[in-house]
Structure formats: structure tokens, C-alpha cells
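Before any questions on binding or motion, here is one chain by itself as C-alpha cells, the form predicted on its own.
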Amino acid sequence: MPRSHRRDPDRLLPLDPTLRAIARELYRAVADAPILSPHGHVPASLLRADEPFGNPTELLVVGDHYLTRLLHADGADPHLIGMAGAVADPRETWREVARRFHLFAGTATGYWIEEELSGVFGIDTPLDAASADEIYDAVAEALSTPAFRPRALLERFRIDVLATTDDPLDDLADHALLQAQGLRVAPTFRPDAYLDPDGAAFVGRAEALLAATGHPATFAGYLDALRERRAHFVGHGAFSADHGVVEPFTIDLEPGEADRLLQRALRGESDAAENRALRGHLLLQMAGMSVEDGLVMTIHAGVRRNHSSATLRTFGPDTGHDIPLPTSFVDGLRPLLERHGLEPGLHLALFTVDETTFSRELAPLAGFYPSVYVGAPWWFLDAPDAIARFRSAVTETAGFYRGTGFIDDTRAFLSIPARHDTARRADAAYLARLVGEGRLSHDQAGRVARDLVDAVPRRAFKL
């Protein structure tokens, strides 16, 4: 590959020579630290089966909605780029991505793909139409070797903890097998479909939950059914419960009113206002259960899922058409915090894609409530410049220790080390500036850099 060029070892670090030297030292101290991945979407079945990845397109393109959304915006054929799932001709799909790869110049997606090709496969040749087949063949050859099977990569990436995201009725057999073999792959309780009466699957999921647990179809019985499944997750090593909501809204209802709303929802008779109230009360109840069983409660809020109805009908969810919304936490979560915010057992991690809330809401909340942690930059914000803005927005109010540490939140297994490395470099750059401005000593910055990749996430997620 004659056009190969080495990745800049100082990428993402400051341009100023003095600050770059400081940042380089801080980064080197954490560059090879083990990865803690307390929230993500890599399935446990991938590691349990430990089978070779199919081909470069299946691994790096299909299902990566970070990638497919911008290709779709440029007019690429949705079927060709894998929005519908498996593709007819993986090599031609790869060529299409390569032909349009210039679209990703300056984007986090482009940076991560280059990091994966370089860091995982040792390929530094720029991806374009001319190099597409060479790179495809090189990746395919690597994937055929034992060193590139999932478990070998897990060890190579130094992932000490990997959390998956799982349906409450999952039997978690894959997790039990992996844990018996010494791998810390933890399930995460994700009850969204059982808490949102506006969801098309709510009635069916609720009925299945009640049938599986044998509890009555009352509000108290429904809560008991959820408690039983949470206990199943705790017994299989879970340390968090994750909630993806459009709005972070909670409300404290009287038991009789909560039961009335549930009955109407189960009969399909409830209106939008009733559904909102039931959804908000169930979210508050989840906080109470986290106080009881110790599961860290994470709330990922503020995304309009499936913005394109036509795309949803044709290709389904998680195909690149989720769009951020303005989000407000202070009033919406006040009922939850009034009831549970001072409970010593509650850890509440708040994630948003609305940057305006970082300094206005999340940092002040985390700067007072012992239970609240500021979630890391997430989704559209998990990029170098956005991470720097996040640090500037929250640090002066909440410091470095009221956060969760970085989370990769990814389905793309091979991108995990690239994403964590991005955060480590961005944090080293930010800390170097504080040292250069006399706001931190070298020793203080070194401790913070180390804690951000270890002590901070261990504390927030009770690892």
C-alpha cells in the first residue's frame, strides 16, 4: 500500500508546544490503562459464540447508523449501504463507502474509522475509491485469523468491564456462561418498552412481563414484576438500569391514580396526557427500586427517535434518523429528586445531547445532590471538540469527580478503544490548558487524568 501514512501520535493534543508537551505526558500516563465500558450495546452472544466476523462490511458498515446517516443524506442507496441490514454484495457496499468517505472529513465518525483501521488492523492508507479493494482484502485476511475473534480482541483491547443492554425478560444465559469463564460482561436492565404506554409494543410487553412473573395486573403487581426481573439481573452481575426517554419527566401519583392509568393503558384506552403521567410515575418508581437494589440509574434523554416515518416503515429503528431535542431536567426530575435525591443508595447518571443543559442544569444538579452524576458527552457529542466543550461547561461547577467517566455507548465492538482513546486525548488536552494557566499543578492534573479512566467510573457505576 504505497500511500500509507502514519497516524500523528499527538493527534487531538494542543498545537501550542508547551501545552502539547504537558498533554503528551498526561496522555501517556493513561493511554494503555484498562478500559471500563459501563454502558454499551455489544451483545453478549457475540462473545459467547466467539465466531469469526463475517466480512469487513458486516463488521464496520452494516448497522453503524453514525456512518449510514451521512451517506443517506448524500443520496446513497439505502439498501446498498446496509440500512436494511445484510447487503447483497459486501465488497460493492465497501466500495460505495470508500467513494463517499470524503464526506466524513472532520467528523468523529471518520476519525473513528481511521482509528479502527490503523489501531486494530495496522492499515494507515487513506480510504477512498482507489484503495477500497486493497483495504477490504487486508481487513478480510485479518478477520480470518484467530487473533481477530471477539474474545481475543476483548483481551487485546484491555476491556476489564463490558456492559451490554438487555430486555428485562432476557434469561441472561450468555452472561452466566461468560462470567463462569472469568469474563466480566455485565447485563444492563433496559425496561423502556415496559414503561412507555405510548410505545406500540407496550401492551404486549406488559402482558408478557406479568405472565412470566405470575403477578396480578394491578399497579402494585406490575411493580413487583419489575422488581423480580431486576433481581434476576442483579443476580447475573448487573450494576445499572438504563432508561432512554424523550423527556426527563417524573411525577408522584397516588396509588389509586397510578392503578387507574395502568388499567386504561393496558386496555388501549389512555390518551397522551394519561400516558405521559403513567410514564413519568413509572420512571420515579424505577428510582425507588434503584434505592432498594442498588442498580445505578442512568437516564439518556432528549432524542426524537425515528424522526422519519417513511424510513422507519421501510428500514426499522436505529437506522440513522434519530434527532436531538432541547431537554430540561430541573423541573422534570424534581419529583424524583424530592423523594429520592438525598438517598445514599441512589446513583443517578444523567445523559443529554442538548449541550445547553450542561452548565445550566446538569452541573448544578450534580454539584448539590449526592445522588446525581453528570453523564459523559453522548451520541452526537462524543467527539473531540464536544468533549472539550463539555469539560469547560461542567468542571467549574461540578469538578471532575461528579461525572460518570467516559462511556462509549456503541454497537460497534471495534470502535470501543478508539472512542476511549479519543476521550483520553481530549481530557489530556483540557487538563494541559489548566496546568498552563496555573489552575492545576502537574501532580493534580496527573491524578485527575488517571482517575477519569478508573476511579471516577468505578465510583459512579459502583464497579
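Just so you know, these numbers come straight off a predicted model, no measurement behind them. The first residue of the sequence shown is number 1, and the count goes up from there.
The same protein also has a form predicted in complex with a further copy of the same chain, omitted here; what follows describes it.
*Could you tell me if all three of 239, 247 and 290 have a heavy atom no more than 4.5 Å from a further copy of the same chain in the predicted bound form?*
No residue of the spot touches a further copy of the same chain in the predicted bound form.
*Single option in 197, 280, 320, 90 placed near a further copy of the same chain in the predicted bound form, where near means a heavy atom within 4.5 Å*: After the contact test, the surviving option is 320.
*Tell me, out of 361, 116, 192, 166, which residue has a non-hydrogen atom within 4.5 angstroms of a further copy of the same chain in the predicted bound form.*
Going through each option in turn, the one that passes is 361.
*Heavy atom to heavy atom, is residue 328 within 4.5 Å of a further copy of the same chain in the predicted bound form?*
Heavy-atom contact with a further copy of the same chain at 4.5 Å: present for residue 328.
*Would residue 235 count as a contact of a further copy of the same chain in the predicted bound form, using a 4.5 angstroms cut-off between non-hydrogen atoms?*
No, no contact at 4.5 Å.
*Tell me, yes or no, whether residue 52 is in contact with a further copy of the same chain in the predicted bound form, where a contact means a heavy atom of each within 4.5 Å.*
No - in the predicted bound form, heavy atoms of residue 52 and a further copy of the same chain never come within 4.5 Å of each other.
*Even though a further copy of the same chain is not shown here, does residue 184 get within 4.5 Å of it in the predicted bound form, heavy atoms only?*
Residue-level check for residue 184: no, no contact with a further copy of the same chain.
*asked:* I need the one stretch from 369-377, 146-154, 225-233, 282-290 whose residues put non-hydrogen atoms within 4.5 angstroms of a further copy of the same chain in the predicted bound form.
replied: Single hit among the candidates: 369-377.
*Scan 205-238 and write down, in order along the chain, each residue with a heavy atom lying within 4.5 Å of a further copy of the same chain in the predicted bound form.*
Contacting residues: none.
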